[in-house]
Ligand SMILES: Cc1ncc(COP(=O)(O)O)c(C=O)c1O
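Only one chain is shown below, in structure tokens, and it's the form predicted on its own.
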Amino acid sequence: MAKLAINGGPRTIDRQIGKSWPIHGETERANLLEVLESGHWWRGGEAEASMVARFEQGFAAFQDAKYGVAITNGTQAIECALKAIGVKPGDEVICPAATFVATATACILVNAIPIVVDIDPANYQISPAAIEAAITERTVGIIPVHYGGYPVDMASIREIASRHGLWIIEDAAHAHGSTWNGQGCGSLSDIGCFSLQMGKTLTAGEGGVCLTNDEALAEKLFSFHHIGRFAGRPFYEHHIVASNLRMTEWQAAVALGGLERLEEQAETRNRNTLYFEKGLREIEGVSPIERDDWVTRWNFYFYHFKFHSEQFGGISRQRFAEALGAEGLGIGSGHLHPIQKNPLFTERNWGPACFGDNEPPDYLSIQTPECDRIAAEEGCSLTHRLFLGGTEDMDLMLEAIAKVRENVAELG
């Protein structure tokens, strides 16, 4: 008689594990009602009492930054940061193959050229060695991504940037609450950029934030998100050509509610993950990403672990995913598919973008063998909401993985 659910056996997980997402409560209701009844549905320029200003200040402090500017979404947060830092047409910006495509397309949208490099197979983060190898006389900056919320090797990246005179913009869209050597991600460079899209660990449905510790950059971020206005100047005085990238009071009302729970949720995920990793090490053929010393908290957007086919009966990652899904535990691959293989890069579909005297590379020729291999054979992701329950949920997930391993012969 078959034991695996994929062959007709009983499912291991027959109830919800973790928590439903998004989570909301009385704070969001009260904040939204306050906005509704106030009749003041936008941030009101520089109004310090606005929901947006309160969120900017609160989130910046939570992530250990001095200044925050709330933006319409995460993609435009990166665009705004690139404009504020002074990127020019044809400038080259290094970013990882494993990320959401917006990390690179934000560069193109401001006429810069993304240079895609490989990842470190140990932790799935951008490889410092690959960054070093990609630097040319046209390179101006680096956009490391705290991929999956795991803090990147900022010490190595800072050293490379300093030696070559490059700026750093962190894409921290996955890293709300993650810390590097005790300091919040997004506060470790010139500018840090976050997304508040619905799936993120802090959400307003849509939205974004730019953080910085540099007062001059904070002023530029403000102007580029506020139609070229300068703080303290007359309202109808516009100094630079800029978009309206302002967050609404509605979004900030929701984000402020989530911010109240972020610390507790980050600690719950961290605690559950450490428990899960201990059990994962006891199952042949799977393993956790072993945390580097600088990772003082990993509050992930999605959690990655590693599948090793040769130690798991020789089945493919795809077959493992199918069997585990039948047991009630769905896994994905996050954003491991190398971004340069998207048609917009391979077919050079960037429309009217102007790159000055430079042209983007032939993205078909850019090789990222580690990212390719990990995406096809090894990387398995689990959504963050699964880790908001109790240890009994971790036990169920581990039981499902162990069951597939113990009965792998059924998948031959």
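Each residue number is its position in the shown sequence, starting from 1. Please read all numbers here as calculations on a predicted model, not as lab measurements.
Below, we turn to the form predicted together with this ligand, even though it does not appear here.
Figure note: of the listed segments 282-290, 92-100, 239-247, 108-116, the one touching this ligand in the predicted complex, with heavy atoms no more than 4.5 Å away, is 92-100. Contact annotation: of the candidates T75, T273, N123, T179, the single residue with a non-hydrogen atom within 4.5 angstroms of this ligand in the predicted complex is T75. This chain is displayed alone, yet in the predicted complex one of H225, R269, H174, H304 has a heavy atom within 4.5 Å of this ligand; that residue is H174. Contact check for V145: a heavy atom falls within 4.5 Å of this ligand in the predicted complex. At the 4.5 Å threshold, heavy atoms of T203 stay clear of this ligand in the predicted complex, well away from it. The closest heavy atom approach of Q197 to this ligand in the predicted complex falls within 4.5 Å. Using a 4.5 angstroms threshold between heavy atoms, K220 stays clear of this ligand in the predicted complex.
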